[in-house]
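We begin with a single chain expressed as structure tokens, specifically the form predicted alone.
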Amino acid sequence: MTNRQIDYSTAEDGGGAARDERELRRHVDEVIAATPVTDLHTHLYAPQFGELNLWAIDELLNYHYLIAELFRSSTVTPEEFWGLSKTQQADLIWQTLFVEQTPLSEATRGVIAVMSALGLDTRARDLREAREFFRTQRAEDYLERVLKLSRVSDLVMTNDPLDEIETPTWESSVEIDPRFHASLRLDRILNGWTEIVPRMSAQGYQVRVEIDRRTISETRRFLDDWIVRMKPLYLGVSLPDDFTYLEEAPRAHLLRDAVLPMCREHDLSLALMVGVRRRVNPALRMAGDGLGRADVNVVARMCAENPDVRFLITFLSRENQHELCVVARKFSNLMPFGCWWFLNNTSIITEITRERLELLGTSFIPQHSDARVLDQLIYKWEHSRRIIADALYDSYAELLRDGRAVTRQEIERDATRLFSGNFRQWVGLVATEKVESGVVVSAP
């Protein structure tokens, strides 16, 4: 480091900039570790949703990532596996992937990280200790513990207005934990219209399989009613890799004529998660989904034709990521977010995060957990923080070498933008934050 590269006497904060790369590294690590997260996309549910609120070791091990891994290392068939109880499935996964093998994959290391954070034996031969630990936990206390360990201040659920287990909670007068925000999921409507028409009809909406004017009107009424009821932060849908905005399928008609008008009317963002191929191997159920490379120009067209709608966009294919960054540079109504599903691996997150920093600065959302089990917040955010800290440090170090020092205040500002601010501003979520016993609490 030369005197030409850094002139601390002119630092805006009077000398508070990191004076060398070691000090810079310390500042970045401390700030990233402490910054609260608003987790913009999860499959978690508030405690008020009862059986949908998943946590503890058996749920953690019966994660579809681990189920897919199991079949690569075990002679058990899918038919035999699905015939086991959840406890038996968890025992088989633990024995196969954690006892008989070294847990090196992202998903298996995640379980290890959770157990370590909770003080459980990560080399246990069986699950007796872990099950006893979770048996003694009160759900309310454990929720607070997980949020504190993960430094997640609040999160967004995935809410399906046509799910028969979920809808009674929305239709009741129960008060939902304000840290759990809603998002209205459109997958069944947009990707399975024929099958879902009877369910919408059962709720009193006069829709038909054929997309006519009345069906569009009733679908908009359905969405309007559920938006008022759920108060979602955004509407969201996962789409196949071959999705085209101008296709003549029901999905495109409903998207253009019902969903986008509702986004405008209610000033809601639309989250598009593009690239999934469902049931590539049906025998594996949810674990059998795959991915495909999509056409990013479809998203560009939607942004161009709907400049008054804000889009949250993520793609499932690694090959789509550079194109997405370039399109985001052209459309201010597009916010790239997260490293979704099969991208949630250290090597790929590292590449994508650095690419986004280089092309977009801090104008993106680096990650979401996509957690399905509460405990996963612990490891998903621990792992993500490490990677984001590394990427930010290298960017700041390059800036330092180019002649500009970075202050701790600037690091804090950038971390807040990436972990919560960009998303909260995008969806209009203003929060009052305070600290209680070391836990950041957010209230809308």
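Sequential numbering from 1, following the sequence displayed. Since this is a predicted model, take the numbers as computed values, not measurements.
Beyond the structure shown, there is the form predicted together with a small molecule, which is absent from this document and is the topic of what follows.
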Per contact check vs the small molecule in the predicted bound form (non-hydrogen atom within 4.5 angstroms), the hit among 36-44, 66-74, 401-409, 388-396 is 36-44
Contact check in the predicted bound form: Arg310, Arg329 and Phe423 versus the small molecule, with a cutoff of 4.5 Å between any heavy atoms. Do all three pass? no
Within a 4.5 Å heavy atom cut-off, is Arg318 in contact with the small molecule in the predicted bound form?
no
Margin query: Taking the small molecule as it sits in the predicted bound form, is Asp154 near enough to touch it, meaning that at least one heavy atom pair lies within 4.5 angstroms?
Written below: no
> Do Trp340 and the small molecule share at least one heavy atom pair within 4.5 Å in the predicted bound form?
Replying inline: yes
Review point. Is Arg185 a contact residue for the small molecule in the predicted bound form, using a 4.5 Å heavy atom cut-off?
Key: yes
Students should find that, of Asn159, Ser238, Thr219, Ser150, the residue having a non-hydrogen atom no more than 4.5 angstroms from the small molecule in the predicted bound form is Ser238
Exactly one of Arg293, Arg372, Arg199, His253 comes within 4.5 Å of the small molecule in the predicted bound form through a heavy atom, and that residue is Arg372
